[in-house]
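The chain below stands alone and is given in structure tokens; this is the form predicted on its own.
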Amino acid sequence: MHPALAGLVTIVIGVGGCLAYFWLSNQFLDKVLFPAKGPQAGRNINRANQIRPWLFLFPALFALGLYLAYPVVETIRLSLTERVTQADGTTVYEFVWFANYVQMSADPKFWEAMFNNMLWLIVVPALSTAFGLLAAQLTDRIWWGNVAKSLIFMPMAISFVGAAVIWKLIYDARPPDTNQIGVVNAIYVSLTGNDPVQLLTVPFWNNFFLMIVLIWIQTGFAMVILSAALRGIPEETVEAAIVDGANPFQIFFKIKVPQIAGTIVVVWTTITLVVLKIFDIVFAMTNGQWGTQVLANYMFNQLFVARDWGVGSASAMVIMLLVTPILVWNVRNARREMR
């Protein structure tokens, strides 16, 4: 079957299945479970109306359970087991409890990944938010600000892998006797006359070269959100500060920034969630070599390279434990602002 036709058939079956489910479930509810007949008719109608919303929610709850809750439970189970291949070729899973976590904690690569993730957490959210705030403030003061915003936001349309390929070419280093196609090394060689440097292999600093890619992408996101927040500041407060003799820096840091502090925190934490799960950029540019390992890439290597499902699942649980508190805080903060 042609892929386009298969996709169309899938959509038709999916939509038809949902419509059939809603119709049949309501018929069962109204005709069989709580029929609107006899002396209990009023009571049955009330009961049916109480249950009816859950009929509509059930498909979404089922999908969430299937694609979110079940993988979490299965990952926890795998992190507590070890896959053993028996003599007859069959594979069994033996419970080893926390042995995988102990093995993971004894692996230097895991602690390298933890250190690098913490380094990313310190640098990327701070610089992305700062550059986004700076861009939001400056682009609102120039006549071609909308064009500038479009250019700054454009990297958000590029996938992480695409951005990694672009920046890998920018960092590229060719032999000294050939023309440099990497912009950074071309400038470096022309200005200093030194040999080109393989920037992605320089210990410690190569992590910052990788961070630049994510900062480049996330600055546009921060700029758009913070620009909207800046435009929501009441003009009266700014005009009052000008009348009192405040200079532009005082207006920005003492009047505007405190009023959008909540938005800044939301942007910061959102980028933090992205950083904790960062994988594509590291995988595409260094694959965790030369001291650039991060938790998500470490998990990938354990699961699909070393085929160690126990340690790989344990590292996945570490990522989830790091992400969950920030996610919960973000949700609570959003609900508080909605109230």
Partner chain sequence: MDNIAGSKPTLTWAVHISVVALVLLWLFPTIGLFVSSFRTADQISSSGWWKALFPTEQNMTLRTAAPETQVQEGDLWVIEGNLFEEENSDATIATWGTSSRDLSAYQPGDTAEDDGMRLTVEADGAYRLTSGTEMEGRRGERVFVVAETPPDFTLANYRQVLLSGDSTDSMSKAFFNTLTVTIPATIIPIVIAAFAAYALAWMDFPGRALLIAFVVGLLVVPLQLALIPLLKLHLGIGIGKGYLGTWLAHTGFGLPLAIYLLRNYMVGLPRDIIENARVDGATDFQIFTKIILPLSFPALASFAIFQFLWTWNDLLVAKVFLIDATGQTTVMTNQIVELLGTRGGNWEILATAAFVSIAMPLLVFFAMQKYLVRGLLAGSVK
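Rigid core here is just the name for the largest C-alpha set that superposes within 1.5 Å across the two forms. Numbering follows the first chain given and starts at 1. This is a predicted model, so every value here is computed, not measured.
Keep in mind that the form predicted in complex with the partner chain is missing from the display, and what follows is about it.
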**OP:** Name the stretch: of 84 to 92, 189 to 197, 103 to 111, 224 to 232, exactly one has residues whose heavy atoms fall within 4.5 Å of the partner chain in the predicted complex.
**Re:** 224 to 232
**OP:** Name the single residue among Leu57, Val32, Ala306, Ala41 that comes within 4.5 Å of the partner chain in the predicted complex, judging by heavy atoms.
**Re:** Leu57
**OP:** Could you tell me which one of Phe131, Trp268, Phe115, Phe209 places a heavy atom within 4.5 Å of the partner chain in the predicted complex?
**Re:** Phe131
**OP:** Consider Thr201 of the chain shown here, and say whether it contacts the partner chain in the predicted complex, taking contact as heavy atoms within 4.5 Å.
**Re:** no
Subject >> Contact of Pro125 with the partner chain in the predicted complex (heavy atom, 4.5 Å) >> reply: no
Subject >> Non-hydrogen atom contact Tyr70 with the partner chain in the predicted complex at 4.5 angstroms >> reply: yes
Original post:
Does Pro258 make contact with the partner chain in the predicted complex, using a 4.5 Å heavy atom cut-off?
Top reply: no
Subject >> Heavy atom within 4.5 Å of the partner chain in the predicted complex - qualifying residues of 172 to 200 >> reply: Asp172, Arg174, Asn179, Gln180, Ile181, Gly182, Val183, Ala186
Subject >> Rigid core fit then Ile122 CA moved by 2 Å or more between this form and the one not shown >> reply: no
Subject >> Threshold 2 Å Cα movement between this form and the one not shown for Ser105, core superposed >> reply: no
**OP:** Note yes or no: does the Cα of Val243 move by 2 Å or more between this form and the one not shown after the core is superposed?
**Re:** no
